[in-house]
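Presented below, as structure tokens, is a lone chain in the form predicted alone.
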Amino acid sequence: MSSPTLAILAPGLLGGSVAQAAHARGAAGRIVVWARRPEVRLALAHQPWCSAVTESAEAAVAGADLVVVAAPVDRIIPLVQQVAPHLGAGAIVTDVGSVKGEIARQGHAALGDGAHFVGSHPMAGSEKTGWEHGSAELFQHRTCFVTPLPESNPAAVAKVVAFWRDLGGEPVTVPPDQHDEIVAHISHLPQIVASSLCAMLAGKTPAWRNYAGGGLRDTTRIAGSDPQLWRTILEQNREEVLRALRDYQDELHGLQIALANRDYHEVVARLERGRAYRSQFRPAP
């Protein structure tokens, strides 16, 4: 897709980063942004990576070749349905939500035959929120899931893949439900573990937090994320997250039993298995 008109709806950290990356890398000829709150629209109007800021989502998508919906996961489909009648023929709509199954199916249904919905999820982010924390380099060497349905338009899928590659990402194409299973284990479960560990420690002596070293800080960094944002993600991916939690509970229970039985060979075996998995992570971007 050469120098398309790009519209970004409801930019937070990811949407703001999409705009900045597209501007910095020449992935869009024109970048039009809409935000729900007037004060955010006013602030965005002064950013060099915004060509225009509109008063309505409908106005933002008029004439757009590619639309990125960057709203929280529970607001993506309502926004897609809202702007659907205002999309030009052949326009492509994608999103950045971390749950894909229902979003992919409902997004496709909302657009009918005139435009094309192809779900996306860049594996990039931060415990911080808001477009002001965005970065043009956020997607550099980051996995970007693209989640077409069997009936998705192949040319539209190819253009979404190319767009994320143009932003520096590393696109991976998987079915939406497979995506939800994957991220339940590698993204949603770690958030629950970090948050629940801090919640448990919050019931202990308050002074303990002052003695913590890097291990606790590194393990629980993402516990600083927005709870309401994560509430919607966990609600949307409830079944897969419950399955991931059961897998993790089984692992914890096995370690607990080994320790209770003084089976230190088994304790070490489990720790070694964890170390081996961690050592095979690819280098951080």
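Just so it is clear, the model here is predicted, and its values are computed rather than measured. Each residue number is its position in the shown sequence, starting from 1.
Beyond what is shown, the protein has a form predicted together with a further copy of the same chain; the following relates to that form.
S.K.: For the interface check, one of 24-32, 38-46, 55-63, 229-237 should have non-hydrogen atoms within 4.5 Å of a further copy of the same chain in the predicted complex; which one?
M.R.: Among the listed stretches, the partner-contacting one is 229-237.
S.K.: Please identify the residue among Asp166, Glu181, Glu102, Glu137 with any heavy atom within 4.5 Å of a further copy of the same chain in the predicted complex.
M.R.: Of Asp166, Glu181, Glu102, Glu137, the residue with a heavy atom within 4.5 Å of a further copy of the same chain in the predicted complex is Glu181.
S.K.: Looking at the partner-bound form in the predicted complex, is Pro150 within 4.5 Å of a further copy of the same chain by any heavy atom?
M.R.: Outside the cut-off, so no.
S.K.: Can you tell me whether Arg209 touches a further copy of the same chain? I mean in the predicted complex, with a 4.5 angstroms heavy atom cut-off.
M.R.: The answer is yes: Arg209 has a heavy atom within 4.5 Å of a further copy of the same chain.
S.K.: In the predicted complex, does Ser51 come within 4.5 Å of a further copy of the same chain, counting heavy atoms only?
M.R.: Contact check for Ser51: no, nothing within 4.5 Å of a further copy of the same chain in the predicted complex.
S.K.: Any of the heavy atoms of Gln106 lying within 4.5 Å of a further copy of the same chain in the predicted complex?
M.R.: Output for Gln106 is no: heavy atoms all beyond 4.5 Å of a further copy of the same chain.
S.K.: For a quick check, can you give me the residues of 254-275 that have a heavy atom within 4.5 Å of a further copy of the same chain in the predicted complex?
M.R.: Heavy-atom contacts within 4.5 Å come from Leu255, Gln256, Leu259, Ala260, Arg262, Tyr264, Val267, Val268, Arg270, Leu271, Glu272, Arg273, Gly274, Arg275.
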